[in-house]
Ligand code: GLN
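To begin, one chain is listed below as structure tokens, in the form predicted alone.
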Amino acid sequence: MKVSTNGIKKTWRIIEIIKWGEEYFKLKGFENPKQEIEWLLCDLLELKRIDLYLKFEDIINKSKLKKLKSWIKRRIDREPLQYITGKVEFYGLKFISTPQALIPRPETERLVDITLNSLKKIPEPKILEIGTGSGCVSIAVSNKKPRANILSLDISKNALELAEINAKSNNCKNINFLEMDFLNEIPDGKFDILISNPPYIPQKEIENIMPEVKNYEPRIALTDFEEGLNFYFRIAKVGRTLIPNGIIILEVGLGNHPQKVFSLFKEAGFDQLELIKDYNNNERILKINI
């Protein structure tokens, strides 16, 4: 099979596409070539992976072959799968995914876990999220805490428009989205909990990250264009004002970033700090009790 317009033969079975796709993605240097074509086919045909092999003799029609061909071309350019298919699953919910916001990642589900666990004894919590992006964190929390009152901030109007679409599609009615530059402004009111997965990649490290991230995801959602600590400094500065007797829960980066953020809050006078590991055994969440 060729990816060129004239190269697709008249009929292709699922199993033939899988075999061809694995070889093609391998040739193009992908680390998990079989997984690449399986992912694309699952989204294209709206099947689970196991169903691809249960229906391996099924023929893919011409319109879907054409769509698959365009998807493969985009994936070869290292465009993220989630932007190609326009959708992603996070915390068991479906989200629209576009280049207007960071792609929801499985690692961030840990942020939701810890937030929900911290809210068990608060029936109607007031929640503030900084940098909502696609809205995935607030929407996941809202799904489990429908009586919560959630305010979700972002500096990007485009990201907020996407977040509102995702909230509506997931039937969330208790989230208010607000455009705000949190580094220079703070919202009115007091909250029980502040949650955030802020831009934390240092500017000097951006060029070394994988092309799917560097070349496609919004730079403003990845880095603060400095050392990756600006949002943490800001939260440490205004946290007691916004969350006078509550909890701050933050996602942090890899390497020495967690310890840098921990030290930053320690030096700011916070003494009830806990670094929590994700399911890959990396310290990725900092929980601060005020």
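Quick caveat, the model's predicted, so the values are computed rather than measured. Just count from 1 along the sequence shown to find any residue number.
This protein has a second form, the form predicted in complex with the ligand, left out of what is shown; the following refers to that one.
Pick from 183-191, 197-205, 75-83, 142-150: which stretch has a heavy atom within 4.5 Å of the ligand in the model of the complex?
Answer to the contact question: 197-205.
Indicate whether the candidate residues P104, E129 and A221 are all in contact with the ligand in the model of the complex, with contact defined as any heavy atom within 4.5 Å.
Yes, each of P104, E129 and A221 comes within 4.5 Å of the ligand in the model of the complex.
Using heavy atoms and a 4.5 Å limit, would one call T108 a contact residue for the ligand in the model of the complex?
The answer is yes: T108 has a heavy atom within 4.5 Å of the ligand.
Taking 4.5 angstroms as the cut-off for heavy atoms, does A163 touch the ligand in the model of the complex?
Outside the cut-off, so no.
Pick out the residues of 133-163 whose heavy atoms come within 4.5 Å of the ligand in the model of the complex.
Residues within 4.5 Å: G133, C136, V137.
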